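Shown next as structure tokens: one chain only, the form predicted on its own.
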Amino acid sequence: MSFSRVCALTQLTPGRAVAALVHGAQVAVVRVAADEVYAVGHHDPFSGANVMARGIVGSTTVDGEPVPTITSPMFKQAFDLRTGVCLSDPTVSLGSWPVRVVDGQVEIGPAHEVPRTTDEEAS
């Protein structure tokens, strides 16, 4: 699978996420203040709802390293935007997709980190 054009970079507001359908998956696309763009799963594995594009975008420090995050609007778990992994439960992940900006257009490739759910959601 190749990269899919999603939108123009100028259509993304820094610090906010938007939902997109990419290769059949719902993805939360996030532009951070430094014009870096990330794509993680839109599905919150803790609540079971597709809400991550409504999450709170921010950052935290883990082991002395700044980590861009998105926090679920439901139960407030924070996820690393670079990997989609939950910071409080590393066995759970939103999944993540590679992002590139070409000629001012945001393009998203096939998932390189598959979403991992909670035990409750998997049953």
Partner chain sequence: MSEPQHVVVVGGGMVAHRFVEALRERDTDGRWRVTVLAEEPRPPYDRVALTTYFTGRDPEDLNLGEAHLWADPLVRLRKGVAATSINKDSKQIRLSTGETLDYDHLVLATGSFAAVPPVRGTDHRGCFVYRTIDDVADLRGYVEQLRADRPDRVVRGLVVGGGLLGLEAAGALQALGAESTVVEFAPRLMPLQVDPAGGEALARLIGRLGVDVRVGAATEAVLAKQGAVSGVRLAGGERIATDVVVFATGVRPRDELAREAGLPVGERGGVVVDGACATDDPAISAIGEVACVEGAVWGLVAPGYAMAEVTVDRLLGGSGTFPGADASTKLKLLGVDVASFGDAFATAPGALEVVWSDSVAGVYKKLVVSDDAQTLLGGILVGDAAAYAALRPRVGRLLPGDPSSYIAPESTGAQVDSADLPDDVGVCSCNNVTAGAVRAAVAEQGCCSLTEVKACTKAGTSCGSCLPLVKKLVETEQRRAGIEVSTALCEHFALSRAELFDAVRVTGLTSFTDIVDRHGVGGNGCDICKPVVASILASLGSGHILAGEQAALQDTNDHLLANLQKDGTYSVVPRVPGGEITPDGLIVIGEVARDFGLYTKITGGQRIDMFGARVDQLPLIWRRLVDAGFESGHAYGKSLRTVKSCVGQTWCRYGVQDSVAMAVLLELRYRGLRSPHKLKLGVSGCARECAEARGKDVGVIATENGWNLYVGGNGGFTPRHADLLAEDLDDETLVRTIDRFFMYYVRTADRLQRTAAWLADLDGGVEQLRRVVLDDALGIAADLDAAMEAHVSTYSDEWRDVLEDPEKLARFSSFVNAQETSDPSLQYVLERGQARPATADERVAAARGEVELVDSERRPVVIAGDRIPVRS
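Not measured: the values here are computed from a predicted model. Numbering follows the first chain given and starts at 1.
Below, we turn to the form predicted in complex with its partner chain, even though it does not appear here.
- Distance criterion of 4.5 Å from any heavy atom to its partner chain in the model of the complex singles out Val18 from the list Val99, Val18, Leu9, Ala111.
- When its partner chain is considered in the model of the complex, Thr83 lies well away from it, no heavy atom lying within 4.5 Å.
- Contact check for Thr91: every heavy atom lies farther than 4.5 Å from its partner chain in the model of the complex.
- Although the partner is absent here, Gly104 sits far enough away that none of its heavy atoms falls within 4.5 Å of its partner chain in the model of the complex.
- Contacts between stretch 65-80 and its partner chain, counted in the model of the complex as any heavy atom lying within 4.5 Å, involve Thr71, Pro73, Met74, Lys76, listed in sequence order.
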